[in-house]
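Single chain ahead, by itself, as structure tokens, in the form predicted alone.
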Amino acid sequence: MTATIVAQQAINGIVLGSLYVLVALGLTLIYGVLVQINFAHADFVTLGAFAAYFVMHALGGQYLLGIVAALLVGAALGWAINITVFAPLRRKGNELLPLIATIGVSVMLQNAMLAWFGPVPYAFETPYSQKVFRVAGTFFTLQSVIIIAVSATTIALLYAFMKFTFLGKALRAVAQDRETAGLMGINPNTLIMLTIVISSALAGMGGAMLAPVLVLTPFAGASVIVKAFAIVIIGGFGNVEGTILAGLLVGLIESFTTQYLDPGLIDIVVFGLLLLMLAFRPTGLISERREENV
């Protein structure tokens, strides 16, 4: 029985960790390239969740198409806000301005969603949530399988893009030294735009995966974004590999805390780990120099 419980909680933890990784990866990319925190990331997650919800219901339960729609909505939103807000502020040469702007964008998006969708929570049930598999005493839903599959595929594609494509290598060059990359013929503004679009697309897709787990409201993303920030710090600011490991670790910690301690202690345990990391290993799980991140 004990082995079965451990296996069950491990499965639950991996599913939860996969969700956290999708949300945290966008934050990591933004910081790795721009050395900036995007406080509006939570609202990109929420908009992605609403996009998936409405597309799925409009198409008669096509949840997978809802995920694609959430990714596209997130990417389009990132592109639009970068063009209208972030890029003009970056040209002013004050790095604090874009950071402050992300707070303003967050408040604006939250209130816009509150006006559009109202404060009443939406019940987001997918056709896959009720399909349960039982293996050796453990059980999991088809929704959980989709979450793990989509997360693993996304991580693999992102890794391949960053390591093996010209644009990925150029993006890493901009992260290491923006001025030198510009002298080598790389357009930093184009790569920054690409980073924001990818980050926002990941946020939108993360929202589509999280929505069936959370209560969907205009503030749904805010419930996970603080934990996503913690994951980024635990993994190492701007470090993609560290973020993946930290996301899975936090998911497992939450799962086993729920089983063996108390659900009310989850945040205490997770943020206790964060404080320990800051005190004894501030570089995160994977120590890298700043210029080696991303």
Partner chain sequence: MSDAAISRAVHPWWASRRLGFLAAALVIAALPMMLTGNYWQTNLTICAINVLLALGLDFILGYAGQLNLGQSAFYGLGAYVSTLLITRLGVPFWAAFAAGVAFAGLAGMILATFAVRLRGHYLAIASLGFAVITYQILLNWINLTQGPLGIYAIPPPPAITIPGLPAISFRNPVALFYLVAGVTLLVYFILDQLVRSPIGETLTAIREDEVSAASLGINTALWKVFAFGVGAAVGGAAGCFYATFVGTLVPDAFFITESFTILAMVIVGGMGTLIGPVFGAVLLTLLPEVLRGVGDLRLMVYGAVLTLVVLFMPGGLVQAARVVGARLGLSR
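Residue numbers count along the first chain shown, from 1. For the two forms, the rigid core is made up of the largest set of C-alpha atoms that agree within 1.5 Å on superposition. Just so it is clear, the model here is predicted, and its values are computed rather than measured.
Not pictured, yet referred to below: the form predicted together with the partner chain.
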Among 158, 76, 89, 213, just one has a heavy atom within 4.5 Å of the partner chain in the predicted complex, namely 89
Just to be sure I understand the contacts: of 192, 105, 175, 147, which is the one whose heavy atoms reach within 4.5 angstroms of the partner chain in the predicted complex? 105
Can any non-hydrogen atom of residue 179 be found within 4.5 angstroms of the partner chain in the predicted complex? no
Consider residue 245 of the chain shown here, and say whether it contacts the partner chain in the predicted complex, taking contact as heavy atoms within 4.5 Å. no
Is residue 257 near the partner chain? Define near as a heavy atom within 4.5 Å, in the predicted complex. no
I'd like to know whether residue 61 contacts the partner chain in the predicted complex, with contact meaning heavy atoms within 4.5 angstroms. no
Counting only heavy atoms and a 4.5 Å cutoff, which of 226-234, 65-73, 50-58, 246-254 contacts the partner chain in the predicted complex? 226-234
Could you list which residues of 21-47 come within 4.5 Å of the partner chain in the predicted complex, counting heavy atoms only? 31, 35, 36, 37, 39
Following rigid core alignment, is the displacement of the residue 197 C-alpha between the shown form and the other one equal to or greater than 2 angstroms? no
Large Cα move at residue 142 between the shown form and the other one, threshold 2 Å, rigid core: no
With both forms fitted on the core, give yes or no for whether the Cα of residue 116 moves by 2 angstroms or more between the shown form and the other one. yes
